[in-house]
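Single chain ahead, by itself, as structure tokens, in the form predicted on its own.
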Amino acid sequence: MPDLDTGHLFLTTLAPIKPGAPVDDLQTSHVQLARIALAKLPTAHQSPATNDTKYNSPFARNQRNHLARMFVLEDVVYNGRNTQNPILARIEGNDQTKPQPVDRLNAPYLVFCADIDAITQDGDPLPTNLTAEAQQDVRKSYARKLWDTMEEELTEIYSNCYGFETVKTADQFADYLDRCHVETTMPFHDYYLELPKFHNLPFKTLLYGVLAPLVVGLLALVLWLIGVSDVPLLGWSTLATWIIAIALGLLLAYGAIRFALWNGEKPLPPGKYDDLPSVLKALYVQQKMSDLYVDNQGASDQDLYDAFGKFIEEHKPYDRKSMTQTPGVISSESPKNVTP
């Protein structure tokens, strides 16, 4: 389940964009209209220069988005022909002067990627693992939250895409976005305070487990080829021994490969304080704690004690829901960037 890792869902959706232009605006294609709608989306207040701008990213209207990105993918990049050893190509009759097939998209696509808390209700703890059905529930819950918080922007963007004509409600948008879902293959996470116990592959155990019956089988095969009918000391038939041992080795090799794939797909557990409300609270407390340090340089023990008590009472480090930084801003310095 590559979509899920560390208690987060790494969502990727591709929505095909309509060809041509709408009947009421024949001068502008749907691709261009989608790009215009995306260009009109305000960015988050992610730098000091944007901190005081009037509008914030619509994705900052809920507390599930760690990262969101939308863009138009008009076609895929051609990476050049598949290389092949010229001698092998000559033997196989592969004429390397002939062009190879080039992958093309059948339409431009609106790509939407988001890293979100894998929850269905705000405040839920991050999960360690989820079934495919539960992941779908998370995707749909997130889509409904998006619709509730940015319906106007989503309608302007997705109205240029196939199949969006019938979307009028949050549930319909959730179904639509789920049909556009594609599996993510490379999630990225960087919140760990302490590294988790990784799912290391017991390579030596697997290797020895596979090699042992294969070696026995090969030795039995050699004995059988030189005319020895029974395995020395054991008395087993060399013919039966090498057949069974080789078959067992191949079976174990297949099992080892399946185990390696399964082990690699297991999601890592969520880190401590990994959900977005905790991250926002940590950013807020970090900034206020820095102010506390600066303001109390040279203070007496009693004054420092009193100041810290006032800090705890005012900023409530134990409460993620109040006195915390709002989403989409870089600083808690302004009161408008703080949730009281």
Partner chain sequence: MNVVTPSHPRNTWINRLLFMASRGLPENLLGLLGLSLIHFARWVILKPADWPNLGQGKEELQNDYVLFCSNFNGTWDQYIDAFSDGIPSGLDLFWYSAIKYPKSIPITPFKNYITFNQIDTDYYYNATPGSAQRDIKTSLAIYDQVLKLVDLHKHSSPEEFAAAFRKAAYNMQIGLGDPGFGPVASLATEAADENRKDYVERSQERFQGLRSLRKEQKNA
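Positions refer to the first chain, counted from 1. What we label the rigid core is the largest C-alpha set whose atoms superpose within 1.5 Å from one form to the other. The structure presented is a predicted model; accordingly, all values stated were derived computationally and were not measured.
Although not depicted, the form predicted together with its partner chain is the subject of the following passage.
Here the chain stands by itself, but in the model of the complex one stretch of 235-243, 221-229, 144-152, 90-98, 144-152, has heavy atoms within 4.5 Å of its partner chain. Using a 4.5 Å cutoff between non-hydrogen atoms, Leu207 does not count as a contact of its partner chain in the model of the complex.
Interface membership of Pro317, defined by any non-hydrogen atom within 4.5 Å of its partner chain in the model of the complex, is confirmed. Its partner chain is not drawn, but in the model of the complex it has no heavy atom within 4.5 Å of His30. Residue contact check for Ser159: none of its heavy atoms lie within 4.5 Å of its partner chain in the model of the complex. The contact residue chosen from Thr120, Thr184, Gln136, Gln172 relative to its partner chain in the model of the complex is Thr184, the criterion being a non-hydrogen atom within 4.5 angstroms. For the residues Leu252, Leu130, Ala212, Cys113, the 4.5 Å heavy atom test against its partner chain in the model of the complex is passed only by Cys113.
Residues Arg35, Leu38, Ala39, Lys40, Leu41, Pro42, Thr43, Ala44, His45, Gln46, Ser47, Pro48, Ala49, Thr50, Asn51 are the members of 28-51 with a non-hydrogen atom no more than 4.5 angstroms from its partner chain in the model of the complex.
Core-superposed comparison between the shown form and the other one: CA of Thr169 displaced by less than 2 Å. Here Gly80 counts as shifted, since its C-alpha moves by at least 2 Å between the shown form and the other one after the core is aligned. With the core held fixed between the shown form and the other one, Leu41 has its Cα displaced by under 2 Å.
Relative to the displayed conformation, the Cα-Cα distance from Ala49 to Gln286 grows by 3 Å or more in the model of the complex.
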